[in-house]
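One chain comes next, on its own, written as structure tokens: the form predicted alone.
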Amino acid sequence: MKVKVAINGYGTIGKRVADAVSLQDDMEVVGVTKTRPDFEARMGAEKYGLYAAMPERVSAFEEKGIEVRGTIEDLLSEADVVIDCSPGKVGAENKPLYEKAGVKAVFQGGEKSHVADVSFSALANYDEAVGKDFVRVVSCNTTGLARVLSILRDAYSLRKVRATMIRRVVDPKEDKKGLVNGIMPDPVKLPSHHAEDVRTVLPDVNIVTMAFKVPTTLMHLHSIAVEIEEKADVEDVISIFEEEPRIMLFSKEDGFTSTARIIEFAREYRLRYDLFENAVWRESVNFHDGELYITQAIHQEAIVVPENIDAIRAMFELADRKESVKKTNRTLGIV
């Protein structure tokens, strides 16, 4: 029997999660929601069946000729779990609705950690989400950091981590706001919140983070420095990364000189140019004065998608971590 999945918010993340769910043999999409009758609503209606996220707006969809099957309450009555992909902080407002409907819920990283029973990153703490009713998949930046650090933690003893994030300012489709000519500390008072978020899934990692927004929409960039207890060399670390499908190594020698080049590769490699993997520059993996340095790029539109799928399996106890990750990887083409 398949887990019935509702998608509340058919936008940048929601449409990707919906497509990923539809590829699984142990879950299915029962419908998606939108707040306004735009082109995404029309596509969602045709592909999965559309429900109005706000009941009072049903008529607005009908006036635009977009078929609506009902309201969010109607959708929840059909579902076992809802993936909340609404804008940040709105998920917390939606939680009482999910509790009333008696459905499990997966929230995204824009919500505070206390909205859920556990914050989640598949490689870091899959078992903590087993059987839980409310799970929060950590943000794109945190997912990228948590993956790398959980892999390193399994191999070495980590003394301290320092990470600087150069953040895209908005997603590519957004036209309401943007940083056109400047670099913005995010926040001005350091450190950034990302370290605290990493510790929600890797509580034993001593990490300090800084972040800056720049006028690009394509990817985030992370510069990571890790102090480790044991003696190791570059080839050991690269070998560990090569064995993990959710890490993809890129080389400057192959022409990958910037995030633009990585995205161009992704356009040819996968539908919607979705890069679910951490994009690590091979040449950046290096030791200096006992510290390990890594530079990676994170496709913010896609990286959390496999985590949402794994979260569902953990919550419904459909598979253990190894089995779930392997299955998700296979269905999404993460090899």
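Just so you know, these numbers come straight off a predicted model, no measurement behind them. One-based numbering along the sequence shown.
The form predicted in complex with nicotinamide-adenine-dinucleotide is left out here; the points below concern that form.
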According to a 4.5 angstroms non-hydrogen atom cut-off, is residue 263 in contact with nicotinamide-adenine-dinucleotide in the predicted complex? no
Exercise: residue 271 in contact with nicotinamide-adenine-dinucleotide in the predicted complex, heavy atom 4.5 Å: no
Residue 300 versus nicotinamide-adenine-dinucleotide, in the predicted complex: is there a non-hydrogen atom within 4.5 Å? yes
Heavy atom to heavy atom, is residue 21 within 4.5 Å of nicotinamide-adenine-dinucleotide in the predicted complex? no
Answer option from 85, 75, 219, 198, heavy atom within 4.5 Å of nicotinamide-adenine-dinucleotide in the predicted complex: 85
Just one of 99, 171, 233, 254 has a heavy atom within 4.5 angstroms of nicotinamide-adenine-dinucleotide in the predicted complex, so which one? 171
Given that the partner is absent here, state which listed stretch (88-96, 184-192, 116-124, 238-246) has heavy atoms within 4.5 Å of nicotinamide-adenine-dinucleotide in the predicted complex. 88-96
